[in-house]
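Before any questions on how it binds or moves, here is one chain, the form predicted alone, in C-alpha coordinates.
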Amino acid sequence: MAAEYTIAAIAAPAAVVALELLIFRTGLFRQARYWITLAIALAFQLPVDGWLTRAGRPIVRYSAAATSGLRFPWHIPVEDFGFGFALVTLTLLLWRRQAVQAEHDRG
(Lines give C-alpha, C1' and ligand atoms only; values in the text may rest on other atoms or scores of the structure.)
Protein backbone atom coordinates (compact mmCIF):
# COMPACT_ATOMS: atom_id res chain seq x y z
CA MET A 1 0.00 0.00 0.00
CA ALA A 2 1.17 3.50 -0.80
CA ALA A 3 2.36 5.71 2.02
CA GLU A 4 -0.73 7.81 2.76
CA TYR A 5 1.16 10.59 4.50
CA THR A 6 3.58 10.85 1.59
CA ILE A 7 0.77 11.00 -0.96
CA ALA A 8 -1.03 13.70 1.04
CA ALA A 9 2.24 15.63 1.45
CA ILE A 10 2.63 15.69 -2.33
CA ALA A 11 -1.04 16.39 -3.08
CA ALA A 12 -1.47 19.27 -0.60
CA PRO A 13 1.19 21.59 -2.08
CA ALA A 14 0.11 20.70 -5.62
CA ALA A 15 -3.50 21.53 -4.76
CA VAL A 16 -2.52 24.86 -3.21
CA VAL A 17 -0.39 25.84 -6.19
CA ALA A 18 -3.20 24.84 -8.57
CA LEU A 19 -5.67 26.86 -6.51
CA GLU A 20 -3.54 29.96 -6.94
CA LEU A 21 -2.67 29.46 -10.60
CA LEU A 22 -6.11 28.36 -11.81
CA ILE A 23 -8.65 30.03 -9.51
CA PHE A 24 -7.39 32.74 -7.15
CA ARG A 25 -4.69 34.33 -9.34
CA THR A 26 -3.58 36.75 -6.61
CA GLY A 27 -0.01 36.99 -7.89
CA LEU A 28 1.32 35.80 -4.53
CA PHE A 29 4.11 33.70 -6.06
CA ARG A 30 5.51 36.79 -7.83
CA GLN A 31 5.91 38.73 -4.58
CA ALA A 32 9.29 38.77 -2.83
CA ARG A 33 7.63 39.15 0.56
CA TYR A 34 5.91 35.79 0.05
CA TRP A 35 9.24 34.04 -0.48
CA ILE A 36 10.75 35.88 2.50
CA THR A 37 7.79 34.79 4.62
CA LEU A 38 8.26 31.21 3.46
CA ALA A 39 11.97 31.36 4.37
CA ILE A 40 11.13 32.72 7.84
CA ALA A 41 8.54 29.97 8.38
CA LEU A 42 11.08 27.36 7.30
CA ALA A 43 13.68 28.83 9.67
CA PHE A 44 11.30 28.23 12.57
CA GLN A 45 10.02 24.90 11.26
CA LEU A 46 13.47 23.32 11.16
CA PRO A 47 14.39 23.53 14.86
CA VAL A 48 10.85 22.87 16.13
CA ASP A 49 10.16 19.97 13.80
CA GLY A 50 13.66 18.63 14.36
CA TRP A 51 13.10 18.68 18.12
CA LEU A 52 9.67 17.05 17.86
CA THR A 53 10.86 14.24 15.58
CA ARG A 54 14.42 13.84 16.87
CA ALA A 55 16.02 10.44 16.71
CA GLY A 56 16.15 8.43 19.90
CA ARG A 57 13.45 10.21 21.90
CA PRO A 58 10.88 11.62 19.46
CA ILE A 59 7.84 13.42 20.82
CA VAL A 60 5.94 12.92 17.56
CA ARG A 61 6.12 9.49 15.99
CA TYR A 62 5.17 8.60 12.44
CA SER A 63 4.02 5.23 11.23
CA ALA A 64 6.76 3.83 9.02
CA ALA A 65 4.07 2.39 6.75
CA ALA A 66 2.52 5.83 6.16
CA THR A 67 5.69 7.73 5.25
CA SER A 68 8.46 7.45 2.69
CA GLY A 69 11.06 6.92 5.41
CA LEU A 70 13.15 9.82 4.08
CA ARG A 71 14.23 12.18 6.84
CA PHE A 72 16.27 15.35 6.49
CA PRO A 73 17.72 17.21 8.37
CA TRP A 74 17.67 16.26 12.05
CA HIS A 75 15.43 13.30 11.47
CA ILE A 76 12.54 15.41 10.08
CA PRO A 77 10.25 13.46 7.72
CA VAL A 78 10.48 15.14 4.31
CA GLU A 79 6.69 15.06 4.12
CA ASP A 80 6.50 17.74 6.82
CA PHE A 81 8.01 20.27 4.43
CA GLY A 82 5.21 19.70 1.90
CA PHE A 83 2.58 20.26 4.56
CA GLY A 84 4.43 23.31 5.92
CA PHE A 85 4.52 24.85 2.46
CA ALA A 86 0.84 24.08 1.87
CA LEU A 87 -0.29 25.48 5.23
CA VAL A 88 1.64 28.73 5.00
CA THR A 89 0.82 29.28 1.35
CA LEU A 90 -2.89 28.50 1.68
CA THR A 91 -3.18 30.86 4.64
CA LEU A 92 -1.48 33.66 2.72
CA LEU A 93 -3.56 32.96 -0.38
CA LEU A 94 -6.83 33.19 1.53
CA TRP A 95 -5.64 36.33 3.28
CA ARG A 96 -4.53 37.92 -0.01
CA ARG A 97 -7.73 36.90 -1.80
CA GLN A 98 -9.83 38.48 0.95
CA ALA A 99 -7.83 41.72 0.65
CA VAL A 100 -8.22 41.78 -3.13
CA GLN A 101 -11.99 41.24 -2.82
CA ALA A 102 -12.26 43.99 -0.21
CA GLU A 103 -10.42 46.39 -2.55
CA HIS A 104 -12.74 45.38 -5.39
CA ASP A 105 -15.87 45.90 -3.27
CA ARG A 106 -14.72 49.40 -2.23
CA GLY A 107 -14.22 50.68 -5.58
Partner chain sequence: MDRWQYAAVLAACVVITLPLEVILGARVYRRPARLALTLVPVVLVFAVWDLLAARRGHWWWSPDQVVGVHLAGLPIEELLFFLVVPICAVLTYEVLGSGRETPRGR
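Positions refer to the first chain, counted from 1. All values reported here derive from a predicted model rather than from experimental measurement.
Another form, the form predicted in complex with the partner chain, is not on view; read the next lines as being about it.
4.5 Å heavy atom contact, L42 and the partner chain in the predicted bound form: So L42 does not count as contacting the partner chain.
is_contact(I36, the partner chain) in the predicted bound form, heavy atom dist at most 4.5 Å: Residue-level check for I36: yes, a contact with the partner chain.
State yes or no: in the predicted bound form, is some non-hydrogen atom of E103 no more than 4.5 angstroms from a non-hydrogen atom of the partner chain? Judged by the heavy-atom cut-off of 4.5 Å, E103 is in contact with the partner chain in the predicted bound form.
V60 within 4.5 Å of the partner chain in the predicted bound form, heavy atoms: Result yes; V60 sits at the interface with the partner chain in the predicted bound form.
For the three residues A14, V17 and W74, verify that every one has a non-hydrogen atom within 4.5 Å of the partner chain in the predicted bound form; reply yes or no. No, none of the three is in contact.
Any residue of 75-107 with a heavy atom within 4.5 Å of the partner chain in the predicted bound form counts; write them all down in order. Residues within 4.5 Å: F83, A86, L87, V88, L90, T91, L92, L94, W95, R96, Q98, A99, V100, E103.
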